[in-house]
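As a starting point, one isolated chain is supplied in structure tokens, in the form predicted on its own.
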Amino acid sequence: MLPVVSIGSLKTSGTSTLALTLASVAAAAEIPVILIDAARDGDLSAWAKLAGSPKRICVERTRDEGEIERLVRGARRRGDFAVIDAGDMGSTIQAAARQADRALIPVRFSPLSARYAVETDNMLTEDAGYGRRGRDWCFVATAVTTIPSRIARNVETIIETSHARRLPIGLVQRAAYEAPFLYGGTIFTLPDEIAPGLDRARAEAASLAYEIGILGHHRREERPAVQDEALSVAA
């Protein structure tokens, strides 16, 4: 069974980009997707109005907890992949995570993003007694880029204060991931001349989707080490 995935952090860290990227992988694999846009800014709803939106991706705009639950139940019943963009509002992040099998907490390469990610983890830990039984959550690196080693160590130290798992796969900062919000479509349907690095983005996105359990079988580990490119970057 496909997992229901929610994405959110108390500090905006690319939740909409990550949600669309995962939905795009599923759609490219001919898996029907319901993409629930519960974020404050509504970027996914704006994307859905652009030309080139795949027919296998249905975007629903709601921030109502009851409506999110209804949409998720429908997806589970049909066997669709459901991904919830919860944005940066605490109550919405909690509501989405309660409906999900796996909540992703995106982390950009900055101490501020790392601190908010840990705060998000603490919030989900306090709320663990509610929602779907056996649900879990983890950190995922987004917009990975080269930063000074001192800052990298600072980010690592902050993340180490949490016991939440960290996925060994993250997303490198690439123009390809932002291109769909400008031109429509997905990283799998856009032509190569639109944005550099589309081939690398596609392979990277597929690896992340596999790790989460959208493609193939999810590898459940206690505390995987992050990939070198993800959280051990030095200038």
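In this text, all values refer to a predicted model and were calculated from it rather than measured experimentally. Start at 1 and count along the sequence shown; that's the residue number.
Missing here is the form predicted in complex with a small molecule; even so, the following discussion is about that form.
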Query raised in the report: Even though the small molecule is not shown here, does it sit in the predicted bound form so that 12, 17 and 178 each have a heavy atom within 4.5 Å?
Result: yes
Query raised in the report: In terms of non-hydrogen atoms within 4.5 angstroms, which of the given stretches 37 to 45, 205 to 213, 187 to 195, 59 to 67 touches the small molecule in the predicted bound form?
Result: 37 to 45
Requested in this report: Verify the contact flag for residue 143: yes if a non-hydrogen atom of it lies within 4.5 Å of a non-hydrogen atom of the small molecule in the predicted bound form, no if not.
Outcome: yes
Query raised in the report: Is there a non-hydrogen atom of residue 174 within 4.5 angstroms of a non-hydrogen atom of the small molecule in the predicted bound form?
Result: yes
Query raised in the report: Would residue 102 count as touching the small molecule in the predicted bound form under a 4.5 Å heavy atom rule?
Result: no
Query raised in the report: Might residue 108 be said to contact the small molecule in the predicted bound form, defining contact as any heavy atom within 4.5 Å?
Result: yes
